[in-house]
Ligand code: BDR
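Below sits a lone chain in structure tokens, taken as the form predicted alone.
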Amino acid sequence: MPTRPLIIDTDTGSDDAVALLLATAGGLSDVRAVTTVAGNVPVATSTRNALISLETTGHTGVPVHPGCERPMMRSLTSAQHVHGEDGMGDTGLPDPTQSPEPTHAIDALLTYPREHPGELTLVTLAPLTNIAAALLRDPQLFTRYRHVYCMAGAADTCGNISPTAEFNAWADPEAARIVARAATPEKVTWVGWDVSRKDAVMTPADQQHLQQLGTPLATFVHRINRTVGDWARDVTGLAGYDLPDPVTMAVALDPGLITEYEEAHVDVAVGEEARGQMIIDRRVSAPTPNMTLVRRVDEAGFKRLLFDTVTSPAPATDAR
């Protein structure tokens, strides 16, 4: 399978870090740049964690561009109660050796696809603030990318931050609405928390397998998700912690993992009562579909990709 050139937008908490690991250590992609945004953690912490994650897989040459410090129209509400104060399970990871780039994430998201039109795949793992801001400057932005995969929403309206909303869509619903209204099914695919909840849960047996592998990457994945495991047990009631950002990355790397999908017309609620909820119109009279929604993935295939990636040793440092 040929490597896929990627731009990744992230609010790097522990599951984002695993997604970055899949992208850089799995051999299926060529990560050209990472952009960061506030979400799981403040943007400075997100940037630090992205640099640490890249360093963990030996990819210190990937440029990291810090982005927006808060949602478009709201104050920041982080998910540090889920991912730890440091976003990485409060594991005391050392500071990275690499420094972030001076170019703002929005400028990077606009510049890279213009330099490589139709070549790059954009994978978003965060509140969509950076992406929406870039769209306001270039409404044709999505046409410049090969495809855009977003970890956003919950197509079955079973939420993880509210009764009906997923965190990324809830954290900046205005941005999610801008992205949805600029999307087309041919260019934009959303992978919601419903997919993660059904097909990407790391059960106790999976977690034990990670521990037993004992490789540096497997140990990294296991350690940084310990607070997420506690939260999943106490809040969502899953049989383990789930990995929404890694399963989205897996779909971007190998769309063959998708087992069910639909094209639908989607909007996002911005009012407080249903903030961040996906509004999916499936009536015969519905407007033309504006995105592709992944509904299920091959759970065994996803976990095989994850375990194969963390089993291999981290590659040598890529200073580019």
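Please read these numbers as outputs of a predicted model, since none were measured by experiment. Residue positions are given as counts along the sequence shown, with the first one as 1.
Separately, the form predicted in complex with the named molecule exists; it is not shown, and the next lines address it.
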query	finding
Asn40, heavy atom within 4.5 angstroms of the named molecule in the model of the complex	yes
Leu125 within 4.5 Å of the named molecule in the model of the complex, heavy atoms	yes
Any non-hydrogen atom of Ala250 within 4.5 angstroms of the named molecule in the model of the complex	no
Asp245: touches the named molecule in the model of the complex, heavy atom cutoff 4.5 angstroms	yes
Location of the named molecule contact in the model of the complex, chosen stretch of 88-96, 165-173, 214-222, 103-111 [non-hydrogen atom, 4.5 Å]	165-173
Contact set, 148-163 vs the named molecule in the model of the complex - heavy atom within 4.5 angstroms	Met151, Asn160
